[in-house]
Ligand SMILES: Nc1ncnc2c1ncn2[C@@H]1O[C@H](COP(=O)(O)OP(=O)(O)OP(=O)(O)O)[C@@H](O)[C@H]1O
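Take a look at this single chain in structure tokens; it is the form predicted alone.
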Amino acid sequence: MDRDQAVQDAKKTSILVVDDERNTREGLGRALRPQYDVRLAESADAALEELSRRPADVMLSDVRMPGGDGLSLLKRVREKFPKTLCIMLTAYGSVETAVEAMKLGARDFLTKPVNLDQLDLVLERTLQASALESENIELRRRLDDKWGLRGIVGTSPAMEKLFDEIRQVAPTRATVLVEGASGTGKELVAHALHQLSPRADGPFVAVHCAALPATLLESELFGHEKGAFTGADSLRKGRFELARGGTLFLDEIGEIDASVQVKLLRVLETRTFERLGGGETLEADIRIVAATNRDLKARVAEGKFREDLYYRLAVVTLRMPTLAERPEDIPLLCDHFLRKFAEENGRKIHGFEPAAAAILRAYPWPGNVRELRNAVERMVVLSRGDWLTTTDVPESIRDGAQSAARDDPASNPGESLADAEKRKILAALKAAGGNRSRAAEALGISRRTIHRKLAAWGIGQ
């Protein structure tokens, strides 16, 4: 094979055909070679040797072969070469054999003699499904690496739902409204939507609408021409221009003035705008993600927010849950922020003592993740030991946790936070008739959390 042919084959999908029947083996090779890089093996042992030399994208293997059957080969290939997609062939096709092959990891199953048109369809479908899976894995990796573990932390059902929605919405062009209380991390969601979108290589531009009066916000968004108003001594590009090809994040969108609402609505409808004092119409090549801690529907009903603008913004609505709605994520967040701030401040801190962790778990966190982040940073900076103890917990948080326990009508005087947690979980299990899923739903925690707690308490599994 000359060098040009080798380079060309390297770009093709590689297929290893394994069959002890020479005519079948070579016939399939001839049929597939125009489109694929094909290699042949006459036995299971020969196939494993070939894969060891150079892995294949797809293995097309007979089930019945002397010296090692195809199902045993399938199992070994799935163990040693998990990226190789396996399609099984047999002249003795049966439902039982097909089911067994699928259980062992085969992607599809064909009977012999092979219908070449059907084989083409199976190969195309298998490769497309694999490519989609790889893309989804990459999207998850990019979300988790770029914004997940360093930003949006959580394994609770509420957060898993949010992650799935982000992954689904991000690749689209839809305008997104992110709702959530202050401190929940709405801007992190906007970053994730940008990072997972086709616009990821473009700019991410944020505007905090509540921080600017209407006149300044209008100039900030749309820019202005020289002489547009007193003090406009030069042309200035606005955020719509600066975000071209990327994402514009409008934080606290519910605070914008009525006059700005009208102009923003026009941009969303026409995808064009003009700088203040200018006559040139410019294209708004951006994706808008807006966020609010207000109930925009209520503001629409009060006449404080345009209904038509609300529906333009809320093409897709994502809701960031409060920390109180996902308490099982508190330990993850605490550990995450501990590692972050210990590294930033050059501190060697091993973790939280159980009593300190219990206080942080019991505190209601009205300021959400932002408040938790600030509290852990303060604890790390002021701590004098290798472990964070109850004395490191800010006094306001210790008092708040105790108040929350006292306000619990089922609490007992002098009961520790850990005992209170145990009592609540056991009571919920009793009320649910021992059904952990229903108990977890009632408590707003995951079934996995209940399972872990029961194991720690030595209660029967």
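From 1 onward, residues are counted along the sequence shown. Everything quoted here is computed from the prediction, not taken from an experiment.
This protein has a second form, the form predicted together with the named molecule, left out of what is shown; the following refers to that one.
Peer 1: Note which of L250, A101, V369, L85 lies within 4.5 Å of the named molecule in the predicted complex, where distance is taken over heavy atoms; exactly one does.
Peer 2: Of L250, A101, V369, L85, the residue with a heavy atom within 4.5 Å of the named molecule in the predicted complex is V369.
Peer 1: Find the only residue in V114, M159, A284, V205 having a heavy atom within 4.5 Å of the named molecule in the predicted complex.
Peer 2: Spelling it out, the residue with a heavy atom inside the cut-off is M159.
Peer 1: Can any non-hydrogen atom of G183 be found within 4.5 angstroms of the named molecule in the predicted complex?
Peer 2: Yes, G183 lies within 4.5 Å of the named molecule in the predicted complex.
Peer 1: With a 4.5 Å heavy atom cut-off, would you call E187 a contact of the named molecule in the predicted complex?
Peer 2: Yes - in the predicted complex, heavy atoms of E187 and the named molecule come within 4.5 Å of each other.
Peer 1: Taking the named molecule as it sits in the predicted complex, is V153 near enough to touch it, meaning that at least one heavy atom pair lies within 4.5 angstroms?
Peer 2: V153: contacts the named molecule in the predicted complex.
Peer 1: Though only this chain appears here, would F337 touch the named molecule in the predicted complex if you measure heavy atom gaps against 4.5 Å?
Peer 2: Yes - in the predicted complex, heavy atoms of F337 and the named molecule come within 4.5 Å of each other.
Peer 1: So which stretch, 269-277, 174-182, 193-201, 216-224, is the one near the named molecule in the predicted complex (non-hydrogen atoms, 4.5 Å)?
Peer 2: Flagged stretch: 174-182.
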